[in-house]
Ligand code: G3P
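Presented below, as structure tokens, is a lone chain in the form predicted alone.
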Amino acid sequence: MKFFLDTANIEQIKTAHEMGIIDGVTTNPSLMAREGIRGEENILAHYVRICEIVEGDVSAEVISTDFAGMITEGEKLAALHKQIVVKIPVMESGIRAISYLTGKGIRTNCTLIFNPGQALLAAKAGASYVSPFIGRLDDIGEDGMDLIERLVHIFELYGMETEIIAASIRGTGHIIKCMEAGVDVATCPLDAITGLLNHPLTDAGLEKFLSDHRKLNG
């Protein structure tokens, strides 16, 4: 399973890259705004900066909802850097845009997916990735991981080449379940990924080792 970092924070991206634990980055307008990145030129420059840090795919999201706008934005984003994957919402105009951009050799990530039908249509249109949102389903009383498991099964059943990105991950529990489900990618905040390191027995064991060392070596 690949890890993408779900952020626009440069320091977090650098930290994860130095740890050798991320395979790419996903962003969206909300994450950009959280980092105070405003204005088209600043946003585009920020995407390039992220690409210069990581070695894998970087999802950059369009803000248009009409077909023509998505195409214009998508082509502009893709021209920024070879690692850019154009992130497009799942809607009729979005599916059309995915099909068009795929035909031009531009990779896409279909986002805001909440059911298998949406994911299937995006995959058939040629999306490189589909991004089902686990946490947001959990927030309304549905089971986000059930959707992930169903998509893994469906895509394997029909030999879909589109990769599944488990998105809207809330914590380490989601990540472990994604591993077990066989999802292609989990995109997460940095603290969710580093949270995998934590276990009380690890802490206790390390303290015991260090305590014994101090006793023997003064």
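One-based numbering along the sequence shown. All figures in this text were calculated on a predicted structure; none of them were measured in a lab.
The protein also exists as the form predicted in complex with the ligand; that form is not presented, and the subsequent description refers to it.
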Item to complete: May I ask you to state whether R136 is within 4.5 Å of the ligand in the predicted complex, using heavy atom distances?
Response: yes
Practice prompt. Spell out, yes or no, whether the shortest heavy atom distance between R170 and the ligand in the predicted complex is within 4.5 Å.
Written response: yes
Worksheet item: With the partner left out of view, is N28 within 4.5 angstroms of the ligand in the predicted complex by any non-hydrogen atom?
Response: yes
Worksheet item: Can you say which of 175-183, 42-50, 162-170, 63-71 gets within 4.5 Å of the ligand in the predicted complex, counting heavy atoms only?
Response: 162-170
Item to complete: Could you list the residues in 91-124 that come within 4.5 Å of the ligand in the predicted complex, counting only heavy atoms and keeping sequence order?
Response: none
